[in-house]
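Given as structure tokens, the chain that follows is alone and in the form predicted alone.
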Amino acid sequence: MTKPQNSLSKRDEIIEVASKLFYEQGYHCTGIQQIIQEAGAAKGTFYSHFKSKEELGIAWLKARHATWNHWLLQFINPKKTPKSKIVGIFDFLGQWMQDANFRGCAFLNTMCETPDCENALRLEISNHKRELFELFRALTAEHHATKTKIEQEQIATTLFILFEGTLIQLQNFQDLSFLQVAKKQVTALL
């Protein structure tokens, strides 16, 4: 899954380089000096755009959120029904993990490196996950329109947990059989 390339500003180039390095090496294992060097930016240019590594991290997570959601919606929007879109989210998960060589979720990887729950990075991660959860809620409500709100919420929550748990196991074991089991449970819930 690739991101469309346009003419990038120096700020966007720095974010793009940081995105690659943070995802491949980890947020805390990647230093500002490496980012500056690989982006071909002067130190002053870097700091004119970002006051700190954390500020760059937040910009990266916002950009990653937009990119990841673009990939997801591009994958599921052609599907006609809420049920096929929900199943499609899990199909997307399998394709994404294979394309990423099972590197996992940039948000979860960064969360594991950031123990302070009040850290601005963690808040950005929560926002990303909350939006995914809202997608499951909306699709579940549309698919199960005759069920009560409580039933819809329980199903949407279960779908979200299945997605997140499957994502972690795919990264951990690099074995698509976890996805097959999850999809059987998704089908049963729908």
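As the structure is a prediction and not an experimental result, all values here were calculated from the model. Residue indices: 1-based, along the sequence shown.
One more form of this protein exists, namely the form predicted together with a further copy of the same chain; it is left out here, but the text below deals with it.
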Is it true that P115, T166 and V181, all three, sit within 4.5 Å of a further copy of the same chain in the model of the complex, judged by heavy atoms?
yes
Counting only non-hydrogen atoms, choose the one of 141 to 149, 58 to 66, 128 to 136, 34 to 42 that falls within 4.5 Å of a further copy of the same chain in the model of the complex.
128 to 136
Should L189 be counted as a contact of a further copy of the same chain in the model of the complex, where contact means heavy atoms within 4.5 Å?
yes
Within 4.5 Å, heavy atoms only: does H70 come near a further copy of the same chain in the model of the complex?
no
Just to confirm, K51 within 4.5 Å of a further copy of the same chain in the model of the complex by heavy atoms?
no
Q25 near a further copy of the same chain in the model of the complex, any heavy atom under 4.5 Å?
yes
Partner contacts for 72 to 95, taking a further copy of the same chain in the model of the complex and a 4.5 Å heavy atom cut-off:
none
